[in-house]
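Before any questions on binding or motion, here is one chain by itself as structure tokens, the form predicted alone.
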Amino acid sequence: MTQAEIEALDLSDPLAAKREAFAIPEGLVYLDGNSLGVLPKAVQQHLEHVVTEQWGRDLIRSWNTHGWVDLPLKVGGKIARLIGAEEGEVVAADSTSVNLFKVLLAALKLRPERKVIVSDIDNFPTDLYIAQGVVQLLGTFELRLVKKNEIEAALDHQTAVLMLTEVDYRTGYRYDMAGLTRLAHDKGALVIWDLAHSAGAFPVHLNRHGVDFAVGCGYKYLNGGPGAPAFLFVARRHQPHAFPFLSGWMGHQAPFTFVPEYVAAEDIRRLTVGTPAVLSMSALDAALEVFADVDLEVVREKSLKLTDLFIDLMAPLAARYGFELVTPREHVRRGSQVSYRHPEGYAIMQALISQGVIGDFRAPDIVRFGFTPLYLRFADVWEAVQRLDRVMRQALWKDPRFHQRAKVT
């Protein structure tokens, strides 16, 4: 594809105007929105208002006058539209890890006669660590870790929960949510999906596929900022029976009665715990406004075009410099990222960042490139490959400073 053809793609892009909603440093090509989304301009303005007016002027009255106490449900409602859920099925709270702990325990209690949790051995580590902690806590459960192609065989009459992340954080492989949810249900098991690399990246259809529980984070494709509140989904049919083992006061039926006995709220609020983090919740609330007029099918169409273009442009570099594509070419199996293996991946990525293209690295040898259609241009994809070619052609990655491992990769 020629540069002129690429420029034509940008001119005909129905999402092109959305780029103006984000604060993107001049000259930077940002391919790491699958790890931390770009700052929406509206967030900075809204936070200034929350800090100076709501907190600074109205102080504690803002819990009522500005609806602070309702932010978890309000934000959850905005996320619900993006993941195929209904109002009242999603709440924003805590971190993805904490939310997974809550819904995993709730799901296991709904299947008391079963003692096996099945997951992908390549699942994101925090999901596996949480499951390991739950097994240690309960004592009689098994965490059965298998490869992707072994999941169907691993499901049996002892399986209580199938726990998966829809998009593999390393490779960008996208699971068949509908098919695997159906298989688990056929075995009598419940399903938990982690949507960390799905929500905001493409349409998700939790209710259409009969999903039981889900979790996800707010700082990747939802652009809520570093450490933004996460979210959890509980299908309405399970809410009256989803036991809240982290029984904090905000999950109480009437928290401001201050009675000593815990009585769980009858709705999704029972899965909340403590006082919501108002500043970060407000940032996420404002960030989600960028999706108000966005059709996620259009987002998905552009995502596939961006990733197709990147893979095509990378083909000569892959052949010349030894990059091994690990992301599926098949559209239905691809998330919104492209990953390559390379033995010098870490140093190459650091050198590329020094050239103004930000991606990231995942051990042991994966370089990742995330594609966020709301603010990424086709010209950015072309430019990123040109700069990577320079890094390889000039052997810039051999500089010793690019081999020094930072705490965050």
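Fair warning: this is a prediction, and the values are worked out from it, not measured in the lab. In this text, residue numbers run from 1 along the sequence as written.
Form predicted together with another copy of the chain: not shown, discussed below.
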Any non-hydrogen atom of residue 36 within 4.5 angstroms of another copy of the chain in the predicted bound form = yes
Exercise: residue 337 in contact with another copy of the chain in the predicted bound form, heavy atom 4.5 Å = no
Non-hydrogen atom contact residue 23 with another copy of the chain in the predicted bound form at 4.5 angstroms = yes
Can residue 252 be called a contact residue for another copy of the chain in the predicted bound form at 4.5 Å between heavy atoms?
-> yes
Only one of 116 to 124, 298 to 306, 189 to 197, 324 to 332 has residues with a heavy atom within 4.5 Å of another copy of the chain in the predicted bound form, and that stretch is 116 to 124
Option touching another copy of the chain, based on a heavy atom within 4.5 Å in the predicted bound form, out of 74, 148, 111, 170 = 170
Interface residue in the predicted bound form among 105, 183, 313, 294, criterion: non-hydrogen atom within 4.5 angstroms of another copy of the chain = 105
Who in 28 to 44 is close to another copy of the chain in the predicted bound form, meaning a heavy atom within 4.5 Å?
-> 28, 30, 32, 35, 36, 37, 38, 39, 40, 43, 44
